[in-house]
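Only one chain comes next, encoded as structure tokens, the form predicted on its own.
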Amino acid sequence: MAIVHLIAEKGLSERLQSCMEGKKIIGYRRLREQDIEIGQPLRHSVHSETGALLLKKGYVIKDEVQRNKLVNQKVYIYASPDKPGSAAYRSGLARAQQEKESDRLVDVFEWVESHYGLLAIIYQEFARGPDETTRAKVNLLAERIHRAAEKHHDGLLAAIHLAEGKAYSHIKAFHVAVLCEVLGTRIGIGPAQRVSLVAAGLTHDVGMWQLQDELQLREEPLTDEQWQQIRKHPTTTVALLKKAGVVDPTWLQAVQQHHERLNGSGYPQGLKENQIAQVARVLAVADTFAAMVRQRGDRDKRLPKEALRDIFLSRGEEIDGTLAQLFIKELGMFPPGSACRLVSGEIGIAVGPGTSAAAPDVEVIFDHDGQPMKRAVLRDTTSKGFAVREIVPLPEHPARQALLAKMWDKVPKKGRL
């Protein structure tokens, strides 16, 4: 059933406006995901921002597509006609304050930092023994990444690329999750399935994350025991996810098959070609790239353009050729967050793919003498005088972070989830 305007309730628009302006009428509030149980009658009628009745109390939301459509709109419910001073009224004020805080805008670096903390908690729970609350936290984080990345994926990718001092397993999983959202959107995967794919990206290595972090500290080649643990980790991870109550087939299949390769050289099952699900192929591309651009004890990190070149060269044999090409086109040879020295001698940050893979959008923050600019300045890298000369380490400077934070639009701190 399409969600349409059924009835207009007289005076509702004015009451909603009063609520939003902080006046005494607080009965109305934004609809949150937890207000909707798929397959169960709505506990409240749902109204548009203008006051029109969209869905009557008792209407049954049948699937995630309908739920996501509602939650992603500015729609409201009339929670209660509470009197000022009552416990319910005070509770409503507290909810309103929480919602106000959740909508506070933060820069992409603060957003990644706070949600990285949630991911670290999730991984610790998987280590101790996951349960339903662990799964709920993964779902929460996946939803937030999905919604934030729909509008801010370049900024999120840059903040992740520039993150320092993070656990390899955690920040890599965060990177993979955002890349899955970006590539999944590019190839037309629907919103509900993309959330499942993002959840798979967040958890694809939980069966060996502690080993990953150990390998960060050693330079010796893998032992046979470590190699066997790695080859088994998709199956180990799926078992942990099922223990946490995950039954989503997209999520489980993507994790189980993300190391399978088109030519049958992958693991753990040696699947080939069409035996490998599309979502697993997406996760494989994202995981391969995120791993290659990070340092590990037994191997050096690759420059993004080198990693993308390797992915391109393996297309059709190991990596899905169409996905590889779309992935490279989406990121460009200088993905967001890449520090670039221009022909002018200036140093800037790639903030988007630009008009071609070799000509990213670059905002300069250090002049040719290495001094910080007063503000970031966008350069046309298709021009010979401002073409990208090389990838360089980003110089240290007290003003650096403030300049970086202003390059991308701010993101709602939490959003109403």
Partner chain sequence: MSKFVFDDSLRLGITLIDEQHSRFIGYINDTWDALERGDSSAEFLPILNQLLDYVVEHFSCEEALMREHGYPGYRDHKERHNQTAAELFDFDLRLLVNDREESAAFLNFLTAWLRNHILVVDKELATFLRDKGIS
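If you're wondering where the values come from, they're calculated on a predicted model, not measured in any experiment. Rigid core (definition): largest C-alpha set, two forms, superposition within 1.5 Å. Residue numbers count along the first chain shown, from 1.
Heads up, the form predicted in complex with the partner chain isn't pictured, but that's what we're talking about next.
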item	value
Contact test in the model of the complex: residue 232 vs the partner chain, heavy atoms, 4.5 Å	no
Residue contact check: residue 369 to the partner chain in the model of the complex, 4.5 Å heavy atom	no
4.5 angstroms heavy atom contact with the partner chain in the model of the complex for residue 289	no
Any non-hydrogen atom of residue 73 within 4.5 angstroms of the partner chain in the model of the complex	no
Stretch in contact in the model of the complex with the partner chain, which is absent here, among 119-127, 158-166, 219-227, 312-320 (heavy atoms within 4.5 Å)	312-320
Sole residue of 243, 301, 151, 329 within 4.5 Å of the partner chain in the model of the complex, by heavy atom	329
The unique member of 265, 185, 325, 210 whose heavy atoms fall within 4.5 Å of the partner chain in the model of the complex	325
Joint contact, 358, 384 and 389 to the partner chain in the model of the complex, by non-hydrogen atom at 4.5 Å	yes
Displaced residue check between this form and the one not shown: residue 358, CA, 2 Å or over, core reference	yes
